[in-house]
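Take a look at this one chain, the form predicted alone, written out in structure tokens.
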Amino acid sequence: MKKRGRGMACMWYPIGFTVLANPSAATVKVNTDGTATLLTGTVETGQGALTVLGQIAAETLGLSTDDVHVVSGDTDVTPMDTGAIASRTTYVTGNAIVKAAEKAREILFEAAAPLLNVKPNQLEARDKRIQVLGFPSSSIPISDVVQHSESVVGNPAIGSASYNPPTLAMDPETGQGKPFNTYVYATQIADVEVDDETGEVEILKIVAVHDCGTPINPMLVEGQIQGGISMGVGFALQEEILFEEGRQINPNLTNYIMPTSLDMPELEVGLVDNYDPTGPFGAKGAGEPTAVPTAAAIMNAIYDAVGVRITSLPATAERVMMAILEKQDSEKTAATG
């Protein structure tokens, strides 16, 4: 008989390294054609990082994302970056980019202020123009300001900066400290169907709600969460490295089973817009946390369906069936005294 169950799991996850320094640096150059070049050591691994980092630079400079050319991962020309690890890229590298772009923007404000008969702190960058705060009609195209700053003032609009999350080491006696500067949170709920005669588990639906700060690109965040869930599904039900006499016996994708699109359940993703004042435009990150609660939610759903706890992953049909049989045996023993 197939029985349905629902399970929930919650998680919190830190952004960046534990206490240890993990800085990122960035260089932003605004060009005379009104575009900008962003140099970052961050490497794109498919999560959409470069799109988000380009958006952060564009927003700071008052440009469109298409106007920002991102040069990444070339150690000959790009500044240092700790790496696309620890779910840190949007938060740490993003903050470095904001600081670098602000320095370049300040150079433009200094050049434009005399032309607009105001002080630099009375200017803003918006819609590809440098304009007087509250008076958008009093403005100059950014391309003209860059040209003026270079050719007349003699100060190219280039900014470089770095960011390292402030932390405080844990006191070994009191346990007090600040090992991370920010955290993300999530809850995932799984609906499953378990066949109590075969142990086979089918995931029907997963609902995932994540707080990653203010999402810079909501569509990319949703895609990351969906990808993380797919990893969690494989971790929960399928993926297992098998050894025999110290030798892996399933070293390829013909017998190391991973979920495909056909194995994925219905997904519903929600984002909690929780502005973090320490992040770039309120953002924190997604990354690894997207996969953290998935397996736990599925295991709780299995327990809700058939009353057995699976504590060794993956929860293959064989493991689930063995747990069901052990539960039935213990119940019979208890009933007979």
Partner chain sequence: MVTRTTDIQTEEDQLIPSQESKAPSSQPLSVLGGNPVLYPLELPQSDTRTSTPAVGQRATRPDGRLHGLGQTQYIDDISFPHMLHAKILRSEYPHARIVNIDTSEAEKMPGVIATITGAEVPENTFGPTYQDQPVLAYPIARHLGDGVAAVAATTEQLATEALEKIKVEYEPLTPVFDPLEAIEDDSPKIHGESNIYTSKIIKKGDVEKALKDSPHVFHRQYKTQMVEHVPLEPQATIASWDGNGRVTIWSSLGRITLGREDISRTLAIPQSRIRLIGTIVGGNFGGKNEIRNEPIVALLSKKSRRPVKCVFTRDEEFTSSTIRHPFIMDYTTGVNDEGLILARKIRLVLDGGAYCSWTGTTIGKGSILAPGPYNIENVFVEAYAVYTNKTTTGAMRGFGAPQVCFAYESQMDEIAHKLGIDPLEIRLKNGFSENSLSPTSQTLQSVALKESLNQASDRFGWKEWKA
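Residue numbers count along the first chain shown, from 1. Just so we're on the same page, rigid core means the largest C-alpha set that superposes within 1.5 Å between forms. None of the values given here were measured: they were computed from a predicted structure.
There is another form of this protein, the form predicted together with its partner chain, and it is not shown here; the text below is about that form.
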Contact of Asn31 with its partner chain in the predicted bound form (heavy atom, 4.5 Å): no
Heavy atom of Thr82 within 4.5 Å of its partner chain in the predicted bound form: yes
Exercise: Ala86 in contact with its partner chain in the predicted bound form, heavy atom 4.5 Å: yes
Residue contact check: Ser139 to its partner chain in the predicted bound form, 4.5 Å heavy atom: no
Single option in Gln122, Ser160, Gln147, Asn250 placed near its partner chain in the predicted bound form, where near means a heavy atom within 4.5 Å: Asn250
Partner-proximal stretch of 70 to 78, 148 to 156, 111 to 119, 130 to 138 relative to its partner chain in the predicted bound form, 4.5 angstroms, heavy atom: 70 to 78
Neighbours of its partner chain in the predicted bound form among 286 to 315 [non-hydrogen atom within 4.5 angstroms]: Gly287, Glu288, Thr290, Ala291, Val292, Pro293, Ala296, Met299, Asn300, Tyr303, Asp304, Arg309, Ile310, Thr311, Ser312, Leu313, Pro314
CA of Asp76, rigid core aligned, shift of 2 Å or more between the shown form and the other one: no
Did Asp171 shift 2 Å or more between the shown form and the other one, C-alpha, core superposed: yes
